[in-house]
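What follows is a pair of forms of the same protein chain, given separately as structure tokens and numbered structure 1 and structure 2.
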Structure 1
Amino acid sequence: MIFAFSENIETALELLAKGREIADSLKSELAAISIERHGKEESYIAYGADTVYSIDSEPQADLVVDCIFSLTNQNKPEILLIGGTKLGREVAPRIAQRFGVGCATDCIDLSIEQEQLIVKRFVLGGRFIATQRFLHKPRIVTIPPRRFEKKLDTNRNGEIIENTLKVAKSRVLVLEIKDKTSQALKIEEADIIVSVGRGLKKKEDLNLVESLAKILGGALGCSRSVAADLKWLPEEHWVGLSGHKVKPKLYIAVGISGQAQHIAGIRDAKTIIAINNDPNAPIFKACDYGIVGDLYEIVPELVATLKA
């Protein structure tokens, strides 16, 4: 059996697509774990699950770990696929620690060879791809969002099992939950991203880069230094290995040097354009088109041309 879990419904459906492929090759069953209020269990079946274990609860980390650990002990799945979200990256290693097995994080591909699960993942800041296999079961894997395409089959049938698991009381006390506004940025979903780095001299100049993003109908992104160090933009805009990994049709890097951690976050972009005044900047080795020059001259010219 294969288990798939993510608190994010879209990521969960993507996991089921790959899980279905693996389950079919192993002639095994695929089960989805739904830990949420008012879940959409029928959707999991239509997108590939044979069984859905439904738990009506908020997906808080301690509870998720206890639930998945308990279900895994009961059903003995060989593979556990977990979405590479903030929550998923937290709970997956904790579940692996309980079983005393390994955990492969941020996997970009999975395959079956001689009934062994083979995973591929970026290592060393995204400069290399490692191919790994597991020595022990369950094999626990995290997969970033938007890695696989969802596959809908409305003719599928499956079973929904409601669970009332008794889990330990959480050691975390939640004082308040604030929902993000409907306009909150989801940079991973943007088709066009214009990102800015330390080449920008002051915070007020963000308007310059934002105007380029706006006229292109894209989202405004940034490097780690702009979000984490200078705090000119919130982390929702942060693109990179430790921020958001993106997959746009067009990525424009303005004043970004292009360190390995940033390149790892934009590796899947279809077209990359770089603007930097340093001809030796690493970003030029990763881009499709490069412009060497002052962003304060180039960006206004681009905006004026696009407006025209």
Structure 2
Amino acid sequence: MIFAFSENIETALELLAKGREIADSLKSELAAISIERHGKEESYIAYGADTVYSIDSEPQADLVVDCIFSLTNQNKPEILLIGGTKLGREVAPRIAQRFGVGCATDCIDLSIEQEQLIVKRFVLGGRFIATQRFLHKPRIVTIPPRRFEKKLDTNRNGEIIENTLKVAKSRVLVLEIKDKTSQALKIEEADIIVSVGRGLKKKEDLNLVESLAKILGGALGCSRSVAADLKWLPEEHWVGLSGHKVKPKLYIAVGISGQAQHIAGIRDAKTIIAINNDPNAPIFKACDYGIVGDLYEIVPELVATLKA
């Protein structure tokens, strides 16, 4: 059996698509785990699950660890696919530690070779890909959101099992939830991103780059130095391996030199355009189209041309 869990329903459906493929090639079953009663359990079947274990709990790490640990003990799945959300990235290694087994996080590819699960993930700052296998069962994997496409098949049948697990109380007490402002940026979901880097001379000049993002209907991103060192933009805008990994249709890098960590964060962009005054900047080796020149001249002119 293969388990798939994410508290984020969209991510859960994506895991089920990949889980279905793996289950079919291993001639195994796929079970979805739902930690709270959200009423979408039926859809898990249509998107690939044979069984849904529906638990009336809440997506709180201590509880999720307990639930999945118990279900794993009961059903002995060979593989656990966990959505690589912030919650998933905490619970997956904790469950793995309880079983004394390995865990591969943020896997970008999973395949079955000679009945073995082989995974690929970025290592060494995202410039390299490691191919790994597991030495024990269960094999525990996290998969980042939006990595795989969900697949609907309305002819599928399956069973929802309501499970009443006794879980321990959480030792972490939530005191307050502050929503990030409603216009809070989800840069991972943007189709077009205009990002700015060290080439910008002062914070006030962000307007310039923002106007380009605006006219394209895109989001404003930035490099590490703009977010972490200069703190001109909040963390939500930070694109890169330590910031946010993005996969837009179009990524425009303005005044970004293109360090390895940044490039690793935009690897999945369809088209990358670079604007930089240094012809030797590494970004020109990592873009589809580049223009060498002063961003203070190019960006306003580009905005004017696009407006016309």
Partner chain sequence: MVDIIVCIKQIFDLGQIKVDATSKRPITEGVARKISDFDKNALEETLRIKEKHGGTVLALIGGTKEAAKEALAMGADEAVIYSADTDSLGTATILAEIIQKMKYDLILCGEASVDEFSFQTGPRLAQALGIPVLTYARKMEIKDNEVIVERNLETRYEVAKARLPALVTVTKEINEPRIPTLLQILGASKKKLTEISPAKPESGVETLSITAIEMKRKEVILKDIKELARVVISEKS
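What you are looking at is a predicted structure, and each value in this text was computed from that prediction instead of being measured. FYI, numbering is relative to structure 1, first residue = 1. What we label the rigid core is the largest C-alpha set whose atoms superpose within 1.5 Å from one form to the other.
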Index of the chain form predicted on its own, chosen from the pair: 1
Yes/no, residue 249 Cα shift of 2 Å or more between the two structures with rigid core fixed: no
Per-residue Cα shift, residue 39, between the two structures [Å; core superposed]: 5.0
